[in-house]
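Encoded as structure tokens, the following chain is the form predicted on its own, with no partner shown.
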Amino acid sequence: MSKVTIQAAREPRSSRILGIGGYRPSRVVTNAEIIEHIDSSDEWIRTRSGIESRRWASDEETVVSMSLAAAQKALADAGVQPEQVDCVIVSTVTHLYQTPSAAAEIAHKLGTNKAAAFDISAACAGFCYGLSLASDMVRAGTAGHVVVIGVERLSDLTDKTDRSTAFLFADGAGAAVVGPAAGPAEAGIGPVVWGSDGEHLDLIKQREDWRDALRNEIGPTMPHLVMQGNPVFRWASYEMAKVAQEALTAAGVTVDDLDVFVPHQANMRITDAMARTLKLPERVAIARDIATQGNTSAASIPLAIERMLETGEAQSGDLALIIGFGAGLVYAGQVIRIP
């Protein structure tokens, strides 16, 4: 048996988010347009979800093109050149090709030097999953800089006649550049608290598989997303508050240390319930991007962070708690420093 020692990549180091960027489709879809296809009202949608309007992509605004735009903004924000990127991670459930990955195409079109690239499927927790992977890569020395992208075209999988979901889902892309911190004192990404509960996979799911959608009696159709709203609301509002608290504890901070709270933009009522359960101080800025963007799944957290920076609700260096949760059921939360 060989006694040779395998050499580690390098000494462990700290990681942080260096830049953030987003892309929002140009088309604004109002509640008035949504209720043309469902028995509902603008008031009901606002009351139940907090959504006033959402963004839907055009045919030209693809998963790849939106991702590229968001990633380019994030790289510019970070001051990182494409050739410095060692890995691209894309979280999405709406890239309609099983293979090759969206990440491989994006890495090439970004101009990276043959960066590693892969897609992950973790629904609305996808950005937090990708951020944790990227942070660990940088800390271990596997990569110097990683681009993490959350992107969705959920309008492709939305049943416009389903009263329970037609008003929720939207499109967009958000990206972050993860790289090394100057030292442990400058670390900007805390330990992730994550998991899954596959016992409840039926609560949010794709209704038809692709074979059934293609063999539909009325002809080939797209599969659609369905959700059991009340059980999801209870799970997200209360069980995810426990995960959020665990993420704070893992990072060695308390709610009193926080400046910003950025939950997945699933529903304004869920956000409010989580804030109450966590007993967030009134001074903590809370992301409410869902009001004019809708639920963009994996893209919602980076898009919300970008919006808060633009409006001044968040400042570079602020301490933020982020948490994603969705179909699976899957979840992930961590404490970060706003880039």
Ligand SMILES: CC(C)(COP(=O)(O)OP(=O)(O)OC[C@H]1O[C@@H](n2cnc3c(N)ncnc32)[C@H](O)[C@@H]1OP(=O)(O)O)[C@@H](O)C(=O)NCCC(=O)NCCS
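What you see is a predicted model, and the numbers here were worked out from it, not measured in a lab. When you see a residue number, it is the position in the sequence shown, counting from 1.
The protein also exists as the form predicted together with the ligand; that form is not presented, and the subsequent description refers to it.
Worksheet item: Picking from 24-32, 62-70, 275-283, 37-45, which part of the chain touches the ligand in the model of the complex when contact means heavy atoms within 4.5 Å?
Response: Partner-contacting stretch among the options: 37-45.
Worksheet item: Of N267, T94, S155, Q245, which residue is found within 4.5 angstroms of the ligand in the model of the complex when only non-hydrogen atoms are counted?
Response: Of the listed residues, the single hit is N267.
Worksheet item: If you check S164, T221, S196, T249 against the ligand in the model of the complex, which one has a heavy atom within 4.5 Å?
Response: Going through each option in turn, the one that passes is S164.
Practice prompt. Mark Q293 yes when one of its heavy atoms lies within 4.5 Å of a heavy atom of the ligand in the model of the complex, and no otherwise.
Written response: No, Q293 is distant from the partner.
Discussion item. Would you classify T254 as touching the ligand in the model of the complex, given a 4.5 Å non-hydrogen atom cut-off?
Written reply: No, no contact at 4.5 Å.
Worksheet item: So, in the model of the complex, is C124 in contact with the ligand at a 4.5 angstroms heavy atom limit?
Response: Taking the distances in the model of the complex, the answer for C124 is yes, it comes within 4.5 Å of the ligand.
Discussion item. Residue-level question: is G229 within 4.5 Å of the ligand in the model of the complex, judged on heavy atoms?
Written reply: Within the cut-off, so yes.
Discussion item. With the partner left out here, which residues of 321-338 have a non-hydrogen atom within 4.5 Å of the ligand in the model of the complex?
Written reply: Read in sequence order, the residues that approach the ligand (within 4.5 Å, in the model of the complex) are F325, G326.
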